[in-house]
Every structure is written in C-alpha cells, then in structure tokens.
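Coming up is one lone chain in structure tokens, specifically the form predicted alone.
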C-alpha cells in the first residue's frame, strides 16, 4: 500500500487467521443481555489492513485475541498490538487505525486504551503517549490525508480464513 516506496519489512511472517466466531441464538436475541467480550473486540480489529502490506493485522500477528482486555462493567477496552519489526515507522498509524475502529464501533461509554506490547518497539513510549492523548488523536483525525490512510486500513477485504 505504500505506492512504490521501499518496504521496511519486505518479507513479513504470515500467520493463519483464526476461524470466525459461531453465532448462537442468544447472540441474535435482542432481549438477552450480551456483554462485550475479548473475542468481540478481536473480531472488530482482526481484519484491519496493514498500511504497508496487503494483509490484515491478524495475518501479520500484530493483533491477537490474548492481547485484548475488556471489562464491560467498568466500560474499559485495552488492546496491545505488536509491530512486525522493532523500528516500524507505521506503529502510530496502526495504533490509530485500531483506536478509530473501536471508537466507531463501540458505545461511547467505553474508555479505549490502545498501546504497543511492552518491549516490542524502539519508540513504544512515544507512540503510546500519542495514542493515549485524546487531543492528539482528534487533531490527527482532522488531517484529511491521514484520515484517508486510516480509512483505507479500515476497509474490509473479502479475504476469508
């Protein structure tokens, strides 16, 4: 997706996608209380496109269900993501894409924390600080070029596992 620019990670490892979540009758029943859980959040973010490769964040193992935390009663969602290389220049964009997907998909009551898995990126503190700053995130989303890149990451592909 980088339009001819040299890729930072030209040959990333590709991981198998997990199967789709099976829907139960209770999932479909609007009268049954259905708290949001880790798998539901993972299902929202797993198909986000990587900004450099024609692959999903799940296929690159950037997001994993075990790195998603939800407390429906406390209204918190936490996602750790793991860039494919320690000097990934796309880490902030990836984190922003995850955050935007969740902001657009979840009820407003949720506080969303997206950050880099500890020890996996050279600039994790700086990236995490940017992603945690509401004003910086809002300003980033006012930049039409950046918003277009984020939206491209969020476009669903027809790939199936």
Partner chain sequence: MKDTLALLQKFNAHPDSRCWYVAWNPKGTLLASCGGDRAIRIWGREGDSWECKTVLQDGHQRAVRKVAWSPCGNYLASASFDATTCIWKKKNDDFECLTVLEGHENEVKCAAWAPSGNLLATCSRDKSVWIWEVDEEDEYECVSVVNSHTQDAKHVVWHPTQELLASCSYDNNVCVYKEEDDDWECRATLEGHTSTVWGLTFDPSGQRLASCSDDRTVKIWKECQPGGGQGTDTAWKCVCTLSGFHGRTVYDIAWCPLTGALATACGDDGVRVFKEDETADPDQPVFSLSAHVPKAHSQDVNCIAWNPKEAGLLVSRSDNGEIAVWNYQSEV
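Numbering follows the first chain given and starts at 1. Note that the structure is predicted; figures quoted are calculated from it, not measured.
The same protein also exists as the form predicted together with the partner chain; that form is not shown, yet it is the one meant from here on.
Visitor: Using a 4.5 Å heavy atom cut-off, are 71, 72 and 104 all in contact with the partner chain in the predicted bound form?
Guide: Not a single listed residue reaches the partner chain in the predicted bound form, so no.
Visitor: Indicate whether residue 148 is a 4.5 Å heavy atom neighbour of the partner chain in the predicted bound form.
Guide: Because no heavy atom of residue 148 falls inside 4.5 Å of the partner chain in the predicted bound form, the answer is no.
Visitor: Can you work out whether residue 130 and the partner chain are in contact in the predicted bound form, taking contact to mean some heavy atom pair no more than 4.5 Å apart?
Guide: Close contact exists here: in the predicted bound form, residue 130 approaches the partner chain to within 4.5 Å, heavy atoms only.
Visitor: Can you tell me if residue 113 lies within 4.5 angstroms of the partner chain in the predicted bound form, counting non-hydrogen atoms only?
Guide: It does: once the partner chain is placed as it appears in the predicted bound form, residue 113 has a heavy atom within 4.5 Å of it.
Visitor: Could you confirm whether residue 126 comes within 4.5 Å of the partner chain in the predicted bound form, counting heavy atoms only?
Guide: Yes, residue 126 is a contact residue.
Visitor: Which one, 37-45, 52-60, 88-96, 105-113, holds residues whose non-hydrogen atoms are within 4.5 Å of the partner chain in the predicted bound form?
Guide: Contact criterion met by 105-113 only.
Visitor: For a quick check, can you give me the residues of 120-147 that have a heavy atom within 4.5 Å of the partner chain in the predicted bound form?
Guide: 126, 129, 130, 133, 134, 135, 136, 138, 139, 142, in sequence order.
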